[in-house]
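You are given structure tokens for the same protein chain in two forms, set apart as structure 1 and structure 2.
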Structure 1
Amino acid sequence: MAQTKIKPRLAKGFRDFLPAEMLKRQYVIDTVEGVFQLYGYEPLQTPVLEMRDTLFGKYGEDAEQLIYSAQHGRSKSDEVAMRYDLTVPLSRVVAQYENDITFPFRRYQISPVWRGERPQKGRYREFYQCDADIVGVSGMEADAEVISVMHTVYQRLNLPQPIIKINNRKLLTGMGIFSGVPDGQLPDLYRSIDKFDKIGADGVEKELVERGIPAEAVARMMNLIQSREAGVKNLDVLDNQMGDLEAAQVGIAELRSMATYLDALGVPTSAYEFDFTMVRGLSYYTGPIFETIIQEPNLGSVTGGGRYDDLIGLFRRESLPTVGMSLGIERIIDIMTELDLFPSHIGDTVVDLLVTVFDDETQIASARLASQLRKMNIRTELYMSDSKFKLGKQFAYADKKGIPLVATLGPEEVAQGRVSLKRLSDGEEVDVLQADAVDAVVNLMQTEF
């Protein structure tokens, strides 16, 4: 009985990445990782699966509907879930291994996460996050450094005019209190304002009224959050209006302190703005919050983060002040692809040079040359074929793969200890002793780029 063929396909929201795409992804990830290490952040890895009670109860009701859950075995103690982000796992790690960690703890993690999102452009069910966090520092110098890390990444990747939007959960709470929003409805306030970019001011105002918040409180709140002065002048507006209200003053003071540190770290005022309509939906944030928007193409925020001083306290007796951010690597890659921002040398292959095989008799000599080049860190592929060796076919293979250089060893070159090197982009060709092959290859590669 013939076996039915299985149609090759993927689940919605999941993707394969062929080599050309992977090279672009690796370029971005390597760049980001280099910036993290530049600031002294160290790598961490956590498992794909966490205990269900580790993840649930941390993100808020809307977010937790997107968590993939599983159960292995019959006991509730066997319930696990796929990580939703890298922040809650970090909090669990800090509590679990605190005796092995030196504080302040700067860590980064670059790993996939999973969410049951509705797939669309720039939004996937499996995607990579690139996180950097500082654990154990309560001052705004930590928040400013995290923002500086973000800004440096954007510079290294040449992203077009990213704007880092900054707000403070304490300030939002202060605005709500000042406006007369009942304490029990502050979470509703956050949820509605978080939709500002999607439904606009009128939509937010209408939704707040429908949630039962008094119309006069909504009007006062809308006036505050839509303040649009440049830089710290936007803080001055709120300072003048809300006076000595403690909740607001603490939030404003933190943002003023952050602005001072941002200046010291070389982050220009043109790179960020204080935007009081930006909320960040996750419930664990306790202080400053931030996210980055690129207007064209607009794929949503490419970075998000903030301070979450209470989260680690869910896993240990006392909490620890923590601030961090997460780069949306998928959206950054989509933007760079759409705007053709990748360097020209990020091509279709990792191979620098193809060593051809002239015939069966020269095959061993070609293998020796490939080994010699690899020992000198030249990324070298040795041509292999189950059919007869044809040089024309081998050159066409190199050209199709985007391999820039080809080495040829015929019987005459083998006898003389020489090799012919050709650069395919412009036909430049040199004939050198095999002992000089590495220098010749390096020279051809340098003039290529």
Structure 2
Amino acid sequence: MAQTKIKPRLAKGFRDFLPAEMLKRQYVIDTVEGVFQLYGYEPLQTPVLEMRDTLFGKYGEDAEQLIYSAQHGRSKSDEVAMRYDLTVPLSRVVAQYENDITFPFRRYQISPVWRGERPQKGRYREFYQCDADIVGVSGMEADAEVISVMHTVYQRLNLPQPIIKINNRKLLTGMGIFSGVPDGQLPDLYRSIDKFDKIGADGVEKELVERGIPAEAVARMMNLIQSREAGVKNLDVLDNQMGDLEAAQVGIAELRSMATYLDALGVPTSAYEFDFTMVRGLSYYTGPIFETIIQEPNLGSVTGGGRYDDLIGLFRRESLPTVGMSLGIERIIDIMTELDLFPSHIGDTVVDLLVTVFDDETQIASARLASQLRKMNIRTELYMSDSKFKLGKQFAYADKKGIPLVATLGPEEVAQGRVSLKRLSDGEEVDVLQADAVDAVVNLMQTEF
């Protein structure tokens, strides 16, 4: 029957991952997960869909517009939406299961989230976040630990020159008060400051004045946020200027404390900087905030995070102090792909060895050999085809898929109980007894480079 074909395509901003790409993704995810567990964080899984009320009213107006709603044709009672991040679901979980959770609660979650933004480079509508958070600790040792986790991940992935930028919402508020910016205009203030990297000092200054903030307030402000001393010295600058302001004082003290712990945890001062122009958009942050940028190539921040001591309070009587971060694995993968940072053992296939089939008569012998190799944990594919078996085709198949080793057993080998093993990378070929095949395979794999 002639039928119109459906054009195969995906919704905007959604992607498929073919096997070669999945192997790279899994390498990154496994590395991240390993580091999370190394620090004692434990896995949590939550549903894709959350109750609408759980998500709304947490992220700020702009962000809320991007939340995907979900619906089912017949059920009208449950208004649900797709999760926008992993932080709000965590807060819900903590409030819902507080009796089953031991605090401090360290959990990680690696899952996709959905945001209806317009896609562009390094930005998708469905993307994975890798979150690690500590619930129930208000001290800066927790914030420092989270940053240390980030730092360890970057090290293990070999990311080039990541810079962890650290600021504090309390400091930003303090700076606003100090400069005499009216309360109602603080959000405008933050938004403009956040653009510092893109539009520069002059641009920020101009934008602030345009938003109706007094020029004198802007001038005092600009002076403060541009301070770029190294490490704790940058905090001294603020201390000297607005040390008598309480909000600022608390913010400065927190960052000083954090620096002390960072040192103890082995995070070098070269790995981070206090950057007072870094703001972050999400509205739930209450204290220290951080984000990581890679200079080259720059795809936006690869990690965001901070302290959100009030968020859990939206789901239960009392809140719990919480700090955490989110690794943007998509951007990390994009960067690693661009710079070719994947180790060579991450190939395009999981298969170690292909067992070829010479003809119909030897097919069973090939299957037996494959089974024997698998018992010894050699990832073995048995060649299959609906057309005639041809060795040339089978070698080409192995080559195309990137399978490193090929086993051949034709009538001669079968008769003698032998097998021929070939390493495609350099053409090295050995002929061994089938009983010795496993040792020979291991040998070929080990000496391969």
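FYI, numbering is relative to structure 1, first residue = 1. Since we're looking at a predicted model, the values are computed, not measured. Whichever C-alpha set is largest while still superposing within 1.5 Å between the two forms counts as the rigid core.
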Since only one of the two is the form predicted together with the RNA, can you say which one? 2
After fitting the core, P47 CA displacement of 2 Å or more between structures 1 and 2: no
R156: CA shift of at least 2 Å between structures 1 and 2 after core fit? no
Core-aligned, does E296 move its Cα 2 Å or more between structures 1 and 2? no
Students should find the CA displacement of K206 between structures 1 and 2, rigid core aligned, in Å, to be 2.7
